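Only one chain comes next, encoded as structure tokens, the form predicted on its own.
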């Protein structure tokens, strides 16, 4: 038996990268997984991979920054499966630039997807979690919350998610709902590839340079983050709440 047997999970931004790895891991642990991404067609690879491995998954098209779409998608999941136990707020985008080049649209888009998206999804999901007196919410922050050149918008959003996490842990704790955040370091995803392209560096060279600064001497994989999330949404972590867990190979803050 898996430690998430009988649980129903929503993972946002789950078409690729950390979101896809998390959806697959939670399904492998026994959860029924609702795979959210901007369009339903984007979710197909993740859904098919879960089903091929014997798990249960359904894809949903949902813009997490749109309140109506979020309410509709979350209620559809709860209606289909009869409950909602786990929410992983992973959806995110980057619009990197130095402050003097950053547009208002760059700022708003990043804030809307990361912060507003987590707010809307959590607000919709907690309704079911409060009723059943059980729930797990994990928000994806980042080591960029500590500051990162060219990412004023992204860093501010990821720092905001840490405050959001700690506040929800206080508000929802009395209803047996655990709320935590995971802050990844350098993880090999399409997003880090985009960062390499932005600064004009070969992606392989970018990874090698990053690994040399990390005590474990390697960059992270999406599965490294998924493994931590899988623990936090399990009953093994029933007394862990309001925490921000940095998963960065031991690299100290700069």
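Numbering follows the first chain given and starts at 1. Because the structure is predicted, anything quoted here is derived from the model rather than measured.
Heads up, the form predicted in complex with a small molecule isn't pictured, but that's what we're talking about next.
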Exercise. Want to guess which of 51 to 59, 187 to 195, 207 to 215, 25 to 33 is within 4.5 Å of the small molecule in the predicted bound form, heavy atoms only?
Worked result: 187 to 195
For this session: Taking 4.5 Å between heavy atoms as the contact cutoff, choose which of 142, 178, 165, 122 touches the small molecule in the predicted bound form.
Result: 142
Problem set entry | Contact test in the predicted bound form: residue 63 vs the small molecule, heavy atoms, 4.5 Å | yes
Exercise. Going by a heavy atom distance of 4.5 Å, is residue 93 a contact of the small molecule in the predicted bound form?
Worked result: yes
Exercise. Does residue 38 reach the small molecule in the predicted bound form, with heavy atoms at most 4.5 Å apart?
Worked result: yes
Exercise. At the 4.5 Å heavy atom threshold, is residue 18 in contact with the small molecule in the predicted bound form?
Worked result: yes
